[in-house]
Structures are given as C-alpha cells and as structure tokens.
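To begin, one chain is listed below as structure tokens, in the form predicted alone.
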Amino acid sequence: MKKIKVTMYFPANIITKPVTYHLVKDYNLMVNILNADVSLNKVGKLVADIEGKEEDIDAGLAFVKQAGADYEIFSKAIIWDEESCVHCGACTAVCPSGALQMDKNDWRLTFDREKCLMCELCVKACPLRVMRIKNGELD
C-alpha cells in the first residue's frame, strides 16, 4: 500500500462531476479529504490523502487528468525542530488545518503531520525559525 498527499484542481465546468467517488469506487482508493474549496462556477481545489496500491493510484490520477482536472503530488514536508522550539504557539494562529496545536495539559506545541497541508504559513510565522521546508520525496 502506498499513501500520497495531493492537491486537485477542478475547472468550473467539471465541478459537478463525481471525481472522488470514482477514485473510491472504480480505483479502490481510500480518499481522505483534508481541505476543500469547491463551489459552482468557480475553480475548485481539494487537498487529500490517497491510499491504495501503486498501480491503482497511478490509474486513478490518470482518470483525474482524463476527467479534465489537474493535480499536484506533495513533494515536500514541514520539519519541526522540536528541541529548539520554545512552544510560543505563534504557528498555531496561522495553521488552517489544525496540524499545529497547543496541548491543553502542558501548553506544549504538538504537530500532527497527517493533517499538515504544507501551506508553509507556520514557517513564516515562527519567530525562531524552528519550522522549515524539506523538499524531496515524502516518507
């Protein structure tokens, strides 16, 4: 099994097509939608984790293109230098996915990489620069 994170872009003319439905039903993929901004008559954007056999993922992404949408596979990651972090929480104020949160028990920062959308806002918000971008293949 392979897991990737993708951003899919839907032109306004195909917003009503059930693309993610077909990824699940026809290509045996597990699709976990992390963020979506899809409205009628507007370009839509969907960020999702897609999990399945590599050949099913490849076939599913080919279907996305054939349906008239486009996609981008995440090829970077946010790295958190936890030892240098002072847990000020500045990054939590800009994190749209809730991947960065303050633990209510000890007020230490927590980072859920599975929720991260790689928007890079935390990198810009961190006063100590303990958040950075790693380019290359994701683990």
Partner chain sequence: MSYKSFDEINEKIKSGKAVVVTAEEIVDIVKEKGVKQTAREVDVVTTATFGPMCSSGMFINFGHSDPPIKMSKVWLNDVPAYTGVAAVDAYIGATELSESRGMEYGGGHVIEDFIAGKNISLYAESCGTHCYPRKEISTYINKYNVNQAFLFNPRTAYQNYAAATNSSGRIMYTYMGTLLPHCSNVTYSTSGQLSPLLNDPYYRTIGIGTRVFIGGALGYVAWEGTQHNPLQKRGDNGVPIGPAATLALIGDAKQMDARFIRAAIYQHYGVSLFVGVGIPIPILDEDMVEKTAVTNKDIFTNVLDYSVTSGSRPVLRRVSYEELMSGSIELNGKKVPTAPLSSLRKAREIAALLKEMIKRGEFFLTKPVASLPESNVINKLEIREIGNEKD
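In this text the structure is predicted, and so the values were computed from the model without any measurement. Residue numbers count along the first chain shown, from 1.
The same protein also has a form predicted in complex with its partner chain, omitted here; what follows describes it.
Remark: of stretches 64-72, 41-49, 96-104, 24-32, the one touching its partner chain in the predicted bound form is 96-104 (heavy atom within 4.5 Å). The three marked residues, C88, T92 and R129, each reach its partner chain in the predicted bound form, with a heavy atom inside 4.5 Å. At the 4.5 Å threshold, heavy atoms of K124 reach its partner chain in the predicted bound form.
In the predicted bound form, its partner chain stays beyond 4.5 Å of every heavy atom belonging to K76. Although the partner is absent here, R108 sits close enough that one of its heavy atoms falls within 4.5 Å of its partner chain in the predicted bound form. In comparison with the shown form, the Cα-Cα distance of L128 and N35 increases by at least 3 angstroms in the predicted bound form.
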